[in-house]
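Okay, here we've got a single chain as structure tokens, the form predicted on its own, with questions on binding and movement later.
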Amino acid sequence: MTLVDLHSHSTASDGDCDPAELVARAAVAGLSVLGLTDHDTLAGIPDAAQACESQGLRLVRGCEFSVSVWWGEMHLLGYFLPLGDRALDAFLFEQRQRREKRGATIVHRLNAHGVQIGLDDVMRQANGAAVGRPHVARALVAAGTVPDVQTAFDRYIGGGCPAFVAKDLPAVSEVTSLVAQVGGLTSAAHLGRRASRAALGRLKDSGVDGVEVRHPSHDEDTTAKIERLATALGMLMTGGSDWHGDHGGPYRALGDVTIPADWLERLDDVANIRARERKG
């Protein structure tokens, strides 16, 4: 039986495990295929690829982009992304710079509310990874300001909180165009209740190839609804555990949320067609 999990994170962004350990855990979980989709970076891919070769797993090279859509922020999964592409690397570098700038602004707002924490504390938690709010939260825990990460979000850095800072986001069409240019595919991540026929149709018109059907935040009814809509609209289907670590929250264990092998076969078919078109 082929178990496919196309959504996971490592320490290259905000996951708990480095890429090699993530792959080792995937092997223990019985996965055959793992998609590594760190936020705004491909830095974990080489180590993950080496580990997958050793463990006998297939790695799908991915990335989770943050993009702007009509309702605000959406996460967009990119798959089959090449390493060393200048345009893609430059874009991802810019996004990581924006993340660091956002982190500095969050720290400034925390300081204004009497929370004594520095950007260095956040960067220490990131340890070279793409900076995100989880790193700020971990720094707040390390400083003794809050007892846990969830409290940091609830009290300080979540939406509507004193130190919340919205992201400076690229348009969804900008990212889908870039990913298509380098031969990749895109899938709208964990849409939940936002996944209406009109919304998916509009995303498809913006260049989005597929939609994440299976995700820990989707109940059975939502999963079934999105699958029906994707089928009706001719969109690709993806899914996975969105695993960051064993810290609870909305996430499930690595490999607990998988997709049928034929969904991956369809992704492969479309990616191969796109690759032939680029060569032609």
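The first residue of the shown sequence is 1; numbering continues from there. Keep in mind the model is a prediction, meaning the values are calculated, not measured.
Absent from the display: the form predicted in complex with adenosine monophosphate (AMP). The rest refers to it.
Each of G132, V149 and K167 comes within 4.5 Å of adenosine monophosphate (AMP) in the predicted complex, counting any heavy atom.
Checked against adenosine monophosphate (AMP) in the predicted complex, the candidates R155, K204, R102, R109 yield a single residue with a heavy atom inside 4.5 Å, and that residue is R102.
Among the residues R61, R58, H244, K225, the one placing a heavy atom within 4.5 Å of adenosine monophosphate (AMP) in the predicted complex is H244. By the criterion of a heavy atom within 4.5 Å, H39 is counted among the residues contacting adenosine monophosphate (AMP) in the predicted complex. Per the 4.5 Å heavy atom criterion, adenosine monophosphate (AMP) in the predicted complex is contacted by stretch 133 to 141, the sole one of 85 to 93, 133 to 141, 205 to 213, 115 to 123. With contact defined as any non-hydrogen atom lying within 4.5 angstroms of adenosine monophosphate (AMP) in the predicted complex, D14 is the only contacting residue in 1 to 21.
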